[in-house]
Ligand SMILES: CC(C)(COP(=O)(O)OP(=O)(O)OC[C@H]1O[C@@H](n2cnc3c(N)ncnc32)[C@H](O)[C@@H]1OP(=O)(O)O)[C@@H](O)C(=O)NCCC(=O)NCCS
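Just one chain follows, in the form predicted alone, and it is written as structure tokens.
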Amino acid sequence: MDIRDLTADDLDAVLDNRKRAFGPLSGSDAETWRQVVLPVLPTGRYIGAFDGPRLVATARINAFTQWWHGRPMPMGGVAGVTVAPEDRGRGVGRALMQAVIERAADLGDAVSALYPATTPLYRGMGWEHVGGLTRVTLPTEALRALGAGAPGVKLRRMGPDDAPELIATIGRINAATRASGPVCYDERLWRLWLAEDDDFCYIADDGFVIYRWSGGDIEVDSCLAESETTARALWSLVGSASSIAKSVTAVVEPDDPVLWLVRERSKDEIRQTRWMFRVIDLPAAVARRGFPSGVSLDTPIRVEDPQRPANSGSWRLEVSSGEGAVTPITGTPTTGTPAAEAGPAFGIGGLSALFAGVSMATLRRTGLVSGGTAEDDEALDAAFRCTAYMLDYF
């Protein structure tokens, strides 16, 4: 089996594999898909596994920006993973994901995330469940009423030329809210999405909303605002359809302000789509992550990463003044050193889960960490604990 970059000549075979994996695409969706992937081909972010001339598996590594405690870093968003039905069970998926890890590292992606169709394959390659995409259903009339508290907020329609301003707005909000997990597309993709005829896109000085009709109701892709007044203005704009649409289904943060702004909230109708996360380059990921400014940490940790040995070994983990770093510990005995002195030991999945805010208590109760002390656990929790979420499905 040969794994190589895909070319434009491979796209018909890619679409055939995709149809067999996920079901058929409509003609318009297939055309949009081609618009998305064609510019990706020269970048090395779309790879395929071949058995002779026959394409048997594919994976795309999207170039995203992801925020962790308000700081951005390059993230490889894995999507379009397919294995031809007749080739499943032959280890093709594992070989392909090993190539994805190596390619993501070569491309400079510090971390990676994906929405799994199956957990065992990705968990076996170092990804772990850490967060969710949350959808809430709200009464449209309750949103319309929020406009009374939003005087003077100026909203205007967005189009493709507003992509740079939208990207800057997302960055400011994620930094100000110390967000962990949300991603942002590059300008090319935002221009493509903002050109969609059926989407309604509005932007303010410190927020934006993107929504559409879905049957007789409203579907909100995202609504972000840095201030209360802008949040009220954006949500009330969506709610202005209350004479026709009775409900709004929206992708929101787990603790989204709208859940506190609506007057009546006796019960929540919430659904989650879970996503998985992996550290690709441990030193780069820690250096680019944000941390609470009041937390200090200096502890040894041990990491085992069979798929990327550069992450394996003993490390000194330091956090201070909102910054983090890991440096290799050399000369540490591999045997005979008490576990408490050697520090907590993680497989790469457990370390990735800690990075994304999963508590040490949870990691211990699931066998994803061993060794270390209770004091190590408290310090690591203080440094890494967060609620990881995404607002985009890919």
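We number the residues from 1 along the sequence you see. Note that the structure is predicted; figures quoted are calculated from it, not measured.
One more form of this protein, predicted in complex with the named molecule, exists but is not displayed; see below.
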- Message: So the named molecule isn't shown here. In the model of the complex, which residue out of R90, R212, R316, R135 has a non-hydrogen atom within 4.5 Å of it?
- Response: R90
- Message: Can you work out which of R172, R265, R94, K246 has a heavy atom no more than 4.5 Å from the named molecule in the model of the complex?
- Response: R94
- Message: Would you classify F200 as touching the named molecule in the model of the complex, given a 4.5 Å non-hydrogen atom cut-off?
- Response: no
- Contact test in the model of the complex: T82 vs the named molecule, heavy atoms, 4.5 Å: yes
- Report whether the minimum heavy atom distance between P151 and the named molecule in the model of the complex is within 4.5 Å. no
- Query: Could you tell me if G159 has a non-hydrogen atom within 4.5 Å of the named molecule in the model of the complex?
  - Reply: no
- Given 164 to 172, 110 to 118, 137 to 145, 67 to 75, the stretch touching the named molecule in the model of the complex at heavy atoms within 4.5 Å is 110 to 118
- Scan 4 to 34 and note down the residues that get a heavy atom within 4.5 Å of the named molecule in the model of the complex; none is a fine answer too. A21, F22
